[in-house]
Structure formats: C-alpha cells, structure tokens
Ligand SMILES: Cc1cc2nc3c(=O)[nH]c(=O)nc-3n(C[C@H](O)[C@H](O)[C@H](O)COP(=O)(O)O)c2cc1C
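One chain is shown next in structure tokens, namely the form predicted on its own.
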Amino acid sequence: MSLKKIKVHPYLIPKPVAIIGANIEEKANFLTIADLCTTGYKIPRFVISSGKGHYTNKGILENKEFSVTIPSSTLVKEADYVGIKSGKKVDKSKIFDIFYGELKYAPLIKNAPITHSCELVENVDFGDTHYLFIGEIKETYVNEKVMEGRIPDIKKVDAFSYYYDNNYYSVGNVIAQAYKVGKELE
C-alpha cells in the first residue's frame, strides 16, 4: 500500500453529528455541527468547534449554557435543516419538541435518543474563524427505548455521521471487542 500526500485537513472519520441548542432572546435556537469531541469522565465535558458566524453562539456566550443532542437517523431532515438555516432568518424553536432541565437556557430535544445540558466553562477564541466552546455536562437524558442495561445501545440510538462528500452515514456495526482484540498481538 502506498500513501499519497494530500491537502492538510482534519479527516476525522466518522464525524459525529450533534445538534447544539441555546436560547437567544428567550427563544430556543438550534445548530447542527460535526466538529465536537468529549473530554474526561470524572468531570464529563463536550468540546465544540463553532464557526463565528453561527447565530447559536450568541446564546451560548450570553447565557453560558447550551445543549448537545445526539439525533437518530429519523431526525436527519430536521438536523440538516437546522444546520443549513440561520436562526437570524428563520425561527427554529418549533422544529423539535423541547423541554428544559435544570439549566433554563439549554433547550433539550424530547424525541432524540440522547440529549445533554451543558454549562459553558470556557470559550477559546483563536481570533480567526471559530470558537471552541468547552461545556461541562450537567444533565443527560436518554430515551428509555434505546437503553440496554445501564447504557444506551449504539444500534438503538441509530446515530449518524457526516462526511466530506456531503453525505450522512449510519454507524453501529460491531467489528471487534475493545480491550480484548489487541491482546491477540501479545
């Protein structure tokens, strides 16, 4: 196998799709992103990279709260819509059936398999095109139908990812058991 050098780009594969929610002027607004990761388990956090032009940023910066929802493939149209339409121009507050937990500025999505409310702990502004929001997860709600024992079942969650060819892809096929398959090399 030969390797070919190409343009530098962060080819993270798969890129998980998440819907970010924040209140702006007492109204819920949502944005779909595929640039996020988690950090830590004792103090669980999300790290979100959001382009500076996104309207949702206003609510995150003003209220210091936001939500991170993992949509199922049944919500792909809604997820795509809130990603391509700006809250500056359209009211996205009625796209989802929402509720609020302990954080009053983090709109949570009822019909999603997993939804989290987060408190902004830090905003890293690189001075160029994006904000890096770091939020501590304060609450997590999971649809009971996707639970398998004490954790959400990846197949039942039916999450999807985004790829650079502008398509969404499903996830969830087991290929090996973690913390075990590598032992075969010993």
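The numbering used is simple: start at 1 and walk along the sequence shown. Computed from a predicted structure; not experimentally measured.
The following text describes the form predicted together with this ligand, which does not appear among the structures shown.
Using a 4.5 Å cutoff between non-hydrogen atoms, residue 31 counts as a contact of this ligand in the predicted complex.
Contact check for residue 169: every heavy atom lies farther than 4.5 Å from this ligand in the predicted complex. Residue contact check for residue 56: one or more of its heavy atoms lie within 4.5 Å of this ligand in the predicted complex. Although the partner is absent here, residue 74 is not a contact residue: none of its heavy atoms lies within 4.5 angstroms of this ligand in the predicted complex. Here the chain stands by itself, but in the predicted complex one stretch of 66 to 74, 146 to 154, 23 to 31, 119 to 127, 23 to 31, has heavy atoms within 4.5 Å of this ligand. Residues 80, 82, 83, 84, 85, 86, 87, 92 are the members of 73 to 94 with a non-hydrogen atom no more than 4.5 angstroms from this ligand in the predicted complex.
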